[in-house]
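The same protein chain appears twice below, in two forms, each given on its own as structure tokens and labelled structure 1 and structure 2.
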Structure 1
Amino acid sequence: MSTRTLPLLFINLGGEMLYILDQRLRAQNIPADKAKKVMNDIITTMFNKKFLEELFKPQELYSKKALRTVFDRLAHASIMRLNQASMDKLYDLMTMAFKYQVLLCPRPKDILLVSFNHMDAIKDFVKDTPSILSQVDETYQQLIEMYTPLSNGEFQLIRQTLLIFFQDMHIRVSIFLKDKVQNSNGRFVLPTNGPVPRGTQIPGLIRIFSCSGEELTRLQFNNGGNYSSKTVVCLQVNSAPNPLAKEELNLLARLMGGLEVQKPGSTDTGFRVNLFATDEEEEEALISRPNELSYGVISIQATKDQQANAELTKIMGEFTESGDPSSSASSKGDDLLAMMDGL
């Protein structure tokens, strides 16, 4: 469908991943310098110039497997090591979080505001490192240039493309269940109250006009909900981490299981990160996000992509421990992955 969806998908999922990792690193008392290095390394990889150049080209969305592979590589672009279960849980959380945001956007264009919020948070993570910050800034500019001119109709197409990508994902996330933003069947709660989006009137009014344009009749009807017209503006405020966040991360951590340390490389000492050892830790990972992006519990059902994807098999086949990019990468995902491996 929309050929401009991939950058938004990647940046927003990446942003969610960084929130969670950041919280986890702090909750695990990873030494500040190591934690910062992890964040910087991942963000540097995420905003690599050539990588983004490829990403921003008009193209269809990747398959679920291909995108998951991209994030696997991204999560391992530093000295931090995650085991399979942790990576699974991390990815589940990231995708359900973004699915929720996409689904509940009052207007399709609000997806751009969500993206800007993620970008702001990323900028904050690297604010002390000018070289990476300038990369992020450049990408921010690209986002603005590419997406601000789009109409609401074109954004709705982007949103519909994203919703097809997230279709049938109903993984239950405990913090979301607890906050009653997700039902026990894994579906998000869609309120029939609250403010109507900018540009929309509260349902209830019927107006009949004469041929000359004057209003003849006004009728009211019951809209069955409880709407208000107070406009909600997505503020770009970086809120301080919520102490309760710790609790949530613990939960996630418990669900995700501990991390196994891999044999450290010859020079850099890798370190073990219990990504989400307890439920509380899981919740913490989610609560610590800025308020305007807060969401309730999201049920995620890990989808199993049954189709043998020839392109993906090829990508997977090119993974080696040494991570050398294949020079004969031909399918679209290969180029990106090759670049990531080569960084």
Structure 2
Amino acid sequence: MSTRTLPLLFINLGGEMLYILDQRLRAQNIPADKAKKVMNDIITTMFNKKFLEELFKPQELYSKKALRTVFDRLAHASIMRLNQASMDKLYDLMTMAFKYQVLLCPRPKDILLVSFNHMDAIKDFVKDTPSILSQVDETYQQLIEMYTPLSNGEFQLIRQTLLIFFQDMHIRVSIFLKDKVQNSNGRFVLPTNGPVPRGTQIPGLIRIFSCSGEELTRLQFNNGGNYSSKTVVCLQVNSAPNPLAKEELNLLARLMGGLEVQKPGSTDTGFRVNLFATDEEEEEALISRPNELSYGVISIQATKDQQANAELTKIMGEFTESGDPSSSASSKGDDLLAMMDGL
């Protein structure tokens, strides 16, 4: 397990969340000033300096429930509110979209390119707000400094850690099913043909080495596909778009496409965003959601000793929504940081 995976997981899931919320805010015809406030507040909280300092420290991944709780708090860092069913759907789309992108990466290091794509999209959301943009730029630089020096082996370990995190998530997404890239059991369908990445060999050979690096034996196996290895000499810069970026944008554009909803009737400062076409669909989804996919309750055992009880009480207190939309972005970031410390 890699101890450098958490920042990539958080930033990529956060990028997916922001894209989906932006689409829903547009679809529900939320006034531009309120929509911009929501996006700015969430991004400000997400890129809080103290929070990121903790996030970038080498550490194991948090549990699925803990990470879900973090994004629940993050999604409600502004005046927008989501019902549980909509929050469930939002998190499902976030996780399955990023899982698919990880699986599409032909090389482990391409995960960094996917992360840069998400960072570019986030920068575009706050391009007219210099103070928030500087926060995002600072994180961008941290990503470059931390991950570009890593070896292919270290990126392979990061990829493996991500796939272990996602391995039990098989939530069916309609657009994936329609495009036949996902089976009815929720597992993705990946291609087993075409050229392998530059600098890699066609699958089918296992080489075993000694501790001194001497090759001891070779084992061949059937790779079950039709792969090719091509050597391409580039004499000029290729201006074609990155296929990974194109595929990601096409996917994200389709995830929330075609969902039209009624305009919200309330004119209050706060407002609710629905990830479903109607309120009836949202209520039905909440009732029919399997228990194993529910993140609504986090059980904490607080029975060991007084010190543990005090600490756990503090953690549970951080889970309680304040309900005060006037809190500053800085305090929201500090609250989220404290909650992450507790987890």
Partner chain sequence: MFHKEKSIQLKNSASALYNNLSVLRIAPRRLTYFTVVHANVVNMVSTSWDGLNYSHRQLQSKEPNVATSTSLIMQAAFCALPSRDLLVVSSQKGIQMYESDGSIMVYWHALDTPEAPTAHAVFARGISAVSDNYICVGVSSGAVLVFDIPSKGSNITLSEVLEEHKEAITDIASECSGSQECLANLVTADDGGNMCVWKSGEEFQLLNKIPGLDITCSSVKLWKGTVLAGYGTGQIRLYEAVTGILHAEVNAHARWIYSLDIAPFSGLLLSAAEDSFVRVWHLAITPETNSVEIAHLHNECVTDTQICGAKFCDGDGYAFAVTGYDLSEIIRYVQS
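Note that the structure is a prediction, hence the values are computed from the model and not measured. Here the rigid core means the biggest group of C-alpha atoms that line up within 1.5 Å when the two forms are laid on top of each other. Throughout, residue numbering runs from 1 along the sequence of structure 1.
Colleague: Would you check which of the pair is the form predicted together with its partner chain?
Modeller: The chain shown first - structure 1 - is the form that fits the description.
Colleague: Between the rigid parts turning between structure 1 and structure 2, which of I79, P191, K50, K36 is at the hinge point?
Modeller: Domain boundary, by the fit switch, is at P191.
Colleague: Across the change between structure 1 and structure 2, how many whole degrees of rotation does the smaller rigid part show against the larger?
Modeller: 48 degrees is the angle the smaller part turns through.
Colleague: How much does the C-alpha of G213 shift between structure 1 and structure 2, in angstrom, given a rigid core superposition?
Modeller: For G213, the alpha-carbon shift amounts to 19.4 Å.
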